[in-house]
Structures are given as C-alpha cells and as structure tokens.
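Below sits a lone chain in structure tokens, taken as the form predicted alone.
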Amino acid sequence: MDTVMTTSPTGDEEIYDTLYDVRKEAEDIGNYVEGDPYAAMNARRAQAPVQRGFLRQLLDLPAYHRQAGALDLPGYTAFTFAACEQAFRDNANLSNAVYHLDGSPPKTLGILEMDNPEHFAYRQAVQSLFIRPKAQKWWRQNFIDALVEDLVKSLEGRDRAELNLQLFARVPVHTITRGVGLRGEDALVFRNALVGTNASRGGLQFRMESHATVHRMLMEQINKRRAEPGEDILSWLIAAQINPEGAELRPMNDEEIITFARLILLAGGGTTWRQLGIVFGALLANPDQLEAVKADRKLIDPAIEESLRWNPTNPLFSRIAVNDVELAGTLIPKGAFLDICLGAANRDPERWENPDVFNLHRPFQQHLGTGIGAHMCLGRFVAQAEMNVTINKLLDYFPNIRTDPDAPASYITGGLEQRGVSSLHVLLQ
C-alpha cells in the first residue's frame, strides 16, 4: 500500500497542542476532574459492591454524565471487580442503549450502542481485521512499523523531548488515519473535526460543522475505495458482509460504513495515545521496572497490561437496565442507570495484592481495562502492537532515557471517562 504522505507526521503543527491537551479536552467536554479520583473510588468500593447514586454523586463531584438524560433517571454504581464483571457480561438485562437518552438517532455509534444479536452480527463482519495475528502482521507492515521508526528517529540529536505531544499522540492518529487513506495534514483536519463532534466548545453549530466535515471526508475516501479497492480499513468495510437479526447476508451501506469508520477512528486515535503516556510514565516513575524492560523486552506487554489495570484511560462505562436485575445483592430496577466503575474494580484488593501500585511483575489476572465479554475492546490487539513497537523503538534509540528533573512533573489528569498524562518530559541522552 502506498504510504507516501503530503505532510510528515513529525511536523510541528500547532494543532497537536490543541488536540492532545488532556486537561483542556476534558474542560471542553465539561467533565474535568481535579486531582486523582482513585482514593475516593477505593473508599466507596470498601462500603458496598453496588450503591445507589451516580458515580459523580457518590464521589461528591459536580454533576455531569456522558449520556445525556441519565441524571433524570435513578442511578446506581458498581465498584467491586465481581459486580463490574457481572455488569459487563449481562447483555440481556443491562443494555448499551444508554447512548440515545438525549433523543439522538440510533446507529450513530455503531457496535458501541448495540446489544446482541445485532451487536454480534455487525462486530463479526469486521472482527477478523483486528485479531492478534492481523495486528502483528497486516497492521504493523502497512502502518505501524515505518511510522514509529520515522517518529522516533526524528528525535535523534535532541537532548530532551516531550513524549506526549512529540511521539505518543502521533502514533495512533497517523496509524488509524493512514488506515483509511488520509494523509499528513488531512489526518489532523479530520481528527480535529472528529473530536469536535463531541466537544461543548463552539456550541451546536460547531458540532454540526464538525459532523459535516467528518462525513464529507469519509465519503470522499469511500467513493475512491469503491472505484479502486486497496489494503485499507474502508476497502475492508466495503467488502464486509452482515446479516443483522437473521436477515440475508448483505454489504454494509455507506452510512453503516461511515458509522463503523467513525467509531474506529475516534477510539483508535484517542485511547492508545493516552495509554502510551500512562504506561511509559509509570515505567519512568519506577526505574527498576524500566531497567527490567530494557533487559527483557518481553516485559513490555506485561507492562502494558498492568497499566490498563492500574490506570485505564476509560475508568467509567455505563448501562441502562432493561429488566429488573440483581447485582451483587442489590436490585437494579428496570429503567435505572448503572455506572460501571472499572477503575475501582481494577484496584479491588479482593483480587489483587497492593492494587494501587504499578507492578509489571505481578501475576496476570484478567482486568477490565479493555472491557470484558461481548463488548471487549475491538481494537485492543492493534493498540497493544502500537504501544509495544513504540516503547521498543524508544529504548532502541535512547537506552538512557529518563525523566527530565528540570521540567514540569507528569501527572494523570482528565475526566472520569478519559484520562491521560499531562505531559511527559524526558532526557534522551
């Protein structure tokens, strides 16, 4: 596949500062949380597995909910690992229809908003594009390896770097947008519009203009791929067959392809960037573990998994009860709203010893950092490949990399729905 770009991803475009400021992003959305919420989450988990009230209410935070209309319904929150795992797995009683409480039309978020059997039918159509062997071969060969090499190599000759903006933000956005055929500057224009579809900044008019830009740019690429298929995500979606609700197999229409592509681009360009900062920041803060990774690169994947347990980028998801359901001894009535606090679940001392500590050497147990059950993250193996290649390449080029003691200290910030590092200043030499 041709990967020649009109603008290099190593450029100094100011839009990176706008798109990848974690705190400002949360402030624009309206869900910014001051400080580290984990102590309060832990204290709540110790009181009861499931409690009446939305997570923010229980943590004494300003009212906000990602799902518009939720605060008008009865709210509950699950805190323990057992309760949260049960909630994630119970697709019969706890529904993803939460995304349309504001009256927005269905099918705008694709599989994220679907329940089985519809969810299975659509997910099955693209699942093979994201399996581990595909991530390790097709994604790496076509998009990840050369991009990461160029980005890390561009830091050569420097004494210092800010990895959050100069590297980590760039790997996933250019990987995923290359995957749909966008190049260079167009990738940043698209990402800005995509983020704008969910932002409060600029109001309704801005969001409508952002939606229009996303739709136009994707339709341009879909039309190109229909005329001339290639080795890319859109060509794959165009060729995919679905049979929702037992209907006969058929191709997806343009709007279904746009919905799928939009979800892949939104998630793929956001969560991986934040998790990269979290895992590498944790390694820098624990020099003994960083040295262990340098000596044995097979420890990179355990470090990534531990970061997903310790500080996932999305520590809160939600469901709506479509039937009365008992969860860890608490009745969740039909029509009630459930916040699933996977951040608290991932630090449940009933499951992990000393869970507030990042420790890549701890024996692996399944966490909830990428979900579990039917809605486990579709792109997790691609994200893992991006993170593994990036960390490996950083250590190849800069074996003495360490925290810059003269720069602002890094900390994890954002909202309860999306978290990442404030910055990550390092000495390279």
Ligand code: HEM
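Note that residue numbering follows the sequence shown and begins at 1. All values reported here derive from a predicted model rather than from experimental measurement.
One more form of this protein should be noted, the form predicted in complex with this ligand, which is absent from this view; the next part is about it.
J.: Just checking whether H174 would be counted as a contact of this ligand in the predicted bound form - the rule being heavy atoms within 4.5 angstroms.
T.: H174: no contact with this ligand in the predicted bound form.
J.: Using heavy atoms and a 4.5 Å limit, would one call F81 a contact residue for this ligand in the predicted bound form?
T.: It does not: once this ligand is placed as it appears in the predicted bound form, F81 has no heavy atom within 4.5 Å of it.
J.: Does F143 make contact with this ligand in the predicted bound form, using a 4.5 Å heavy atom cut-off?
T.: No, F143 sits far enough from this ligand in the predicted bound form that none of its heavy atoms falls within 4.5 Å.
J.: Heavy atoms within 4.5 Å of this ligand in the predicted bound form: does A240 have any?
T.: Contact with this ligand, no.
J.: Is it the case in the predicted bound form that F88, L263 and T271 each bring at least one heavy atom within 4.5 Å of this ligand?
T.: Contact check passed for all of F88, L263 and T271.
J.: Which single stretch, out of 29-37, 380-388, 54-62, 400-408, brings residue heavy atoms within 4.5 Å of this ligand in the predicted bound form?
T.: Result for this chain: 380-388.
J.: With this ligand left out of view, choose which of A48, L395, A374, A70 has a non-hydrogen atom within 4.5 angstroms of it in the predicted bound form.
T.: Only one listed residue qualifies here, and that residue is A374.
J.: Can you work out which of W236, F190, F317, F337 has a heavy atom no more than 4.5 Å from this ligand in the predicted bound form?
T.: Checked against the cut-off, the match is F317.
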